[in-house]
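Here we start with a single chain on its own, the form predicted on its own, put down as structure tokens.
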Amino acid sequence: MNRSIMFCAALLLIPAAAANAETAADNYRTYCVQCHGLKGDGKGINVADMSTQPRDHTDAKEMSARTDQELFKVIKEGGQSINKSVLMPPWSSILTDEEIQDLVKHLHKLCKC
């Protein structure tokens, strides 16, 4: 078998998660910091123009009040899905369920909860 064909065939066997170099921290920096801030403290650059303050992901008490299912749902479906701000967009068309689950784990790191 031709080596280039073998290489291409091997690439097809790599799971999608392994092929995707994006980490939860990368996705957080790309999609979340504009509102939630670089530190996750809710003080992103968009805050000045927002009528509702973004969630402070470093607040362990506040974040612990949310289940993983709620966090997953709000990331996937947007703020309205859990009766929160319409300014929180749904990310289901951008992020996979696995990436959203990884973001939920990343939020636990930010709040240390």
Partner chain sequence: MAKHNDRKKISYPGLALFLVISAINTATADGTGKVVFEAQCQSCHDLTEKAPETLKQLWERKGPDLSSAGIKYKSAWLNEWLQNPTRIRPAGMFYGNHIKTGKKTDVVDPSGLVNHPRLSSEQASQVVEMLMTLKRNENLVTSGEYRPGSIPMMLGEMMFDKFKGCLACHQIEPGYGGLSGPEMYTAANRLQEDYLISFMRNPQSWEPKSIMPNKNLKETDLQKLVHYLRALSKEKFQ
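Quick caveat, the model's predicted, so the values are computed rather than measured. Numbering follows the first chain given and starts at 1.
Only in words, not in the display: the form predicted in complex with the partner chain, which the text now covers.
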property	result
Heavy atom distance at most 4.5 Å to the partner chain in the predicted bound form, all of 34, 87 and 93	yes
4.5 angstroms heavy atom contact with the partner chain in the predicted bound form for residue 60	no
Contact label in the predicted bound form: residue 67 to the partner chain, heavy atom within 4.5 Å	no
4.5 Å heavy atom contact, residue 51 and the partner chain in the predicted bound form	yes
4.5 angstroms heavy atom contact with the partner chain in the predicted bound form for residue 47	yes
